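What follows is a single chain, given as structure tokens, in the form predicted on its own.
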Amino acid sequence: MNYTLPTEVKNILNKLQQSNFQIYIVGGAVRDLLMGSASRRISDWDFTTDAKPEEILKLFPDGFYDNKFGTVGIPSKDTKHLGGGIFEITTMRKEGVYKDHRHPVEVSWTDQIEEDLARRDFTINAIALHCYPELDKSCLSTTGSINIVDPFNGQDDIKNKIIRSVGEPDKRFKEDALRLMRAIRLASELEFEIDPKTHSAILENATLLKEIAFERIHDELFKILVSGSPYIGMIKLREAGILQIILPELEKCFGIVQKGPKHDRIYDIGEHSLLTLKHTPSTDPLVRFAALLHDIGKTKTVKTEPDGNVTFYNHDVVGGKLVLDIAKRFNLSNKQTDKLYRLVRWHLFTVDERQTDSAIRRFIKNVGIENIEDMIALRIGDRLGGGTQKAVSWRMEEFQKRIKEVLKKPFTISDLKVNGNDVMKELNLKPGPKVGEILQKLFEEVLENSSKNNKDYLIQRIQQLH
């Protein structure tokens, strides 16, 4: 294992070791290093020590401690490599009794690293790395002074690509129910399988998630969405009975098929939604979330016509309203909510290269200029998720060209070849609402036909509109 630690990480290790404290690197950084993932940037560094929080703060005056679980945060100054994040140093703890499936009733310190690792969630996260950067520049080189503490054989589970609970899985999940989703998230991120005993405990304890705040559920869900296999992650959430708890609107889509003489559908709405997520060419978790939810309005608009065809008229409108409720439940920001709503509400846009400039502008206004590429990505996922073999049709290619053309043309009143001064001069008017009304009428004409954005023509129209 050859890897040079970031300077700030070495400084943390050195300071605590020089003060005669034990200090170990723990968590995802150790797991990634053991997986040989050092080639990609590791930005999430966690530590555990036998130093108490107040002792840690003496060594790191810029640190902060605002919890009772022994975790001190130390801001990183390395914005280039570590993203300016937070290093977390936690005093080693023993296992304890938990309340509300999240918080321990009391926290007991220990100086035994094995006791601290015994309270952790999964074996691949219950490995500690003890190294001496003073003695070896790289610290983690094959000849360096390192010691791996692995009491639960996490290295074997990494090698075999297994997610396994530390100790009894039922106990682990009852301590913190969010671990149910974390197991699936890790399986999705790392492309690991979940140990059968651990998986059985997930199924048995899924309803515990009802007691977890959606802000925390949001974090795990979005980590699944940005993983390399979000499609697999969602399948695992559904198999575990978790999807119906966190996204009942999506769960209701399974089993509903658009069938009839005019249709030849091979997937139900739920399966189509998962496949849309799989094929949407975007890594933005919000775009992937929209792909997952784009058809949820169909459950409330499904109707069988007299000829036997199943329809979902206005499901985009209904779906838009539903995602506003979901956004509120997941505590999304106003900006995130607006984007999610637009992508779901307007995903049924008409793709026609013959549309007028004004029709294209309405599309741009509805979707938002900043969301156009994301909407195209969602449409691609929708096509491929419905069984179409080609991601982009020739009509879509022409439609995208039309969007670019229209965006080059006047789009706001300020783009007109005349302004308020021209209106006041031609009509001998003083500043006031009348000037704005005339400019608005001219603007609407130009939206319909951009060739009318000609100063001579517009001056003539000003005189006619008086």
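Given the structure is predicted, the values throughout are model-derived calculations rather than measurements. From 1 onward, residues are counted along the sequence shown.
One more form of this protein exists, namely the form predicted together with a small molecule; it is left out here, but the text below deals with it.
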{"item": "Non-hydrogen atom contact residue 120 with the small molecule in the model of the complex at 4.5 angstroms", "value": "yes"}
{"item": "Exercise: residue 347 in contact with the small molecule in the model of the complex, heavy atom 4.5 Å", "value": "no"}
{"item": "4.5 Å heavy atom contact, residue 342 to the small molecule in the model of the complex", "value": "no"}
{"item": "Interface membership of residue 150, the small molecule in the model of the complex, 4.5 Å heavy atom rule", "value": "no"}
{"item": "Among the candidates 238, 199, 223, 383, the residue which, in the model of the complex, approaches the small molecule to within 4.5 Å (heavy atoms)", "value": "223"}
{"item": "Position in contact with the small molecule when the complex is considered in the model of the complex, options 218, 361, 278, 182, heavy atoms within 4.5 Å", "value": "182"}
{"item": "Three-residue site 31, 44 and 125 fully in contact with the small molecule in the model of the complex at 4.5 Å by heavy atom", "value": "yes"}
{"item": "Listed range touching the small molecule, judged in the model of the complex by heavy atoms within 4.5 Å, from 398-406, 23-31, 428-436, 52-60", "value": "23-31"}
